[in-house]
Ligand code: BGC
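As structure tokens, one chain now follows by itself in the form predicted alone.
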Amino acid sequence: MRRLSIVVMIFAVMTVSCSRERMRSKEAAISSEVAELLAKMTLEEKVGQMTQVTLEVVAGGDDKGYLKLDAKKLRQAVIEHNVGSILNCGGQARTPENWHEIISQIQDLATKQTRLGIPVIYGIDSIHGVNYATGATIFPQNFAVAATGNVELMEEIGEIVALETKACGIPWNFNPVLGLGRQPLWPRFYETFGEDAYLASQMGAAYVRGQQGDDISQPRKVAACMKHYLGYSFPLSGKDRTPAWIPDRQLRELFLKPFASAVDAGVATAMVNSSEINGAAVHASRYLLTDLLRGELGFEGFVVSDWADIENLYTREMVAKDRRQAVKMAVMAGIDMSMVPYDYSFYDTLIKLVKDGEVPMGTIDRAVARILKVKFDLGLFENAYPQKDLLKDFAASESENLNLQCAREAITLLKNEGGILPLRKDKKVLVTGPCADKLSVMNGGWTITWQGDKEELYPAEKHTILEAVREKLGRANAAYVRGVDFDKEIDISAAVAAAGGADAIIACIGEPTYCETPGNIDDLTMSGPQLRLIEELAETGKPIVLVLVEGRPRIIRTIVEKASAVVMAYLPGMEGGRAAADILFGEANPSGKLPFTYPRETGALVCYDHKTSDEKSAKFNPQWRFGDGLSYTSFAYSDLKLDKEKMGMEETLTVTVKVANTGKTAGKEIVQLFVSDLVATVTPTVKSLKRFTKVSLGPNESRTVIFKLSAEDLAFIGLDNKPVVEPGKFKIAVGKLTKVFEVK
């Protein structure tokens, strides 16, 4: 038996070694092919590869959602301007069959009628599923997936999204968003993995692995795109595409980490922050795009601009006097591809800049080589066409089940006074609020359309929260009165009257759909009509279960005490209605934990990993804390142990803790390990998440969880803006248990 084990180990090592050798051989072959092709290309063909236009540029008519291309416009793009990339959906989601027709027409022209036959790389925003393909599996938004604490689930989602994107014939996905959700006013908050750098790093890297695997040329894989590099998610004003002010130490301590993890995971492409950091327009910053991204992080893929952002260098950021200067600045800084997106101005301008000697040919060659390499890596030169056989697994029942699991695991129980939840099915309920009977509000932006607001385009077979509740109780036992819209009262008095015949009220409040700049707000407070609805319903004395359907934490301080239970549903996706009802009636046990701090006041937007002065001077007191989340069972932590009291710089610290389900219901618990540096030369945070894992335990079942920490996990960015680990004492916290150890 021992001899067999040794043979198996030797075979495994040999297999890994052979696989690495094959990859090295493939990389060498691709590098040779890139160099050979590049040597044949004219300046115009090279600059064309660096040019990306939106689908509308080549679109013809739209017949009830079925888009046709304009042959003349397509020829102008691909033949006359050598365009290397096209993106977007032309206004709304298309059927997979329509996508096949679109992609095939584009590739017919690119591969068969251009001089060198270079395929176009098509890109799309598959933000929470293939949101621009009808019938696709549409998952919860990223911040909800982060709440699951389930990294393996995140990787599976990445795999499914890659498969369904590729099944449409599209090989490039503009996701994951790796900005940190530390400014809750920001309208793209829900696209992040929350406020913590470690959590976002783990989730982001898992998504990249799921998207790309070990070889992005495989039929079910796509090239991922980490975005928006760097600091985009932390605008001082909270408004989209406005200035960020982030000290270099904080930039490296927090905002850079998820991007570094994605690079380590092999991410193929990167998209740039539309705005600025500390007065430096990111699209024009050689320090950020070349020195830091490539020099320090070691990123080897290609960099694409965001929408019209090279133009914005002179129309909005005002760091360039005109288009010519803007294009030169961006290309010299490190932009490889321009998302122009509506014309050929970048193409014409860059050609002239090279001919005039203002942009070296070497700069162009480096950019084009990176783009060509990704096209070769994807296998586009071998087959650029949609693979129809993948459609058999498009929106498979297994994917729907995983989607439902994700929504269930994401939903976070924040309050459950007197154990009102789960609700009994023999009771009558009133369902009310503007989020109760709409699919759009459970999905948010990037769903079927950019803003996600076309309710009529949503699939009729999917359940709203109201429909899912009625399926469990019967229509007669689940009354519905909307009560209010998001911004106006409709019939609060009717809702109050209907509450008289109910045993409990399920009030679904939150936000309408939005995405990017249209989602800018000036006040985080939940809208007045919704607050008034809850206040007046509370006067009936009936227990209220608040279900929050929102893309960022809206302030609800005045009604929290009036609710018996509060359920954070986030933006739970197409299966969100079923998942919410399953949680409300106990068919699923909530296990989500907040991936961000939920503020109590509009002027108290402080994250969990704040400084000691925030505790002592400002009295940190959010509505709910990062990591909060209740269950229908109870968990007990015990026996926290460290394998050593003193740790050397080269050593590993092993932490063990026993977690037990002490209740009567099976449940899942996210076990989180926090570290506090007790004294440091840079004021330390009160605590920082360093490890987490999710365990599933039956009643009276227990498990010992093992975490390992290295000195690298204890590092911080020092006064010289470089990582440092200082000797001294550190505190480990898991649950309410703590242990102190010393680093020598």
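These numbers were taken from a predicted model, which means no experiment stands behind them. One rule holds for the numbers: they count along the sequence shown, beginning at 1.
The next section is about a form of this same protein that is not shown, the form predicted in complex with beta-D-glucopyranose (BGC).
In the predicted complex, F174 approaches beta-D-glucopyranose (BGC) with a heavy atom inside 4.5 Å.
Although the partner is absent here, L87 sits close enough that one of its heavy atoms falls within 4.5 Å of beta-D-glucopyranose (BGC) in the predicted complex.
Although the partner is absent here, W307 sits close enough that one of its heavy atoms falls within 4.5 Å of beta-D-glucopyranose (BGC) in the predicted complex. Taking the partner from the other structure, beta-D-glucopyranose (BGC) in the predicted complex has no heavy atom within 4.5 Å of any heavy atom of K375. With the partner removed from view, the residue among V469, A569, M271, L230 that has a non-hydrogen atom within 4.5 Å of beta-D-glucopyranose (BGC) in the predicted complex turns out to be M271. This chain appears without its partner; in the predicted complex, the one residue of L313, M339, A167, M154 with a heavy atom within 4.5 Å of beta-D-glucopyranose (BGC) is M339. You can rule out all but one of 433 to 441, 222 to 230, 575 to 583, 603 to 611: in the predicted complex, only 222 to 230 has residues with a heavy atom within 4.5 Å of beta-D-glucopyranose (BGC). Along 177 to 214, one residue reaches a heavy atom to within 4.5 Å of beta-D-glucopyranose (BGC) in the predicted complex: R188.
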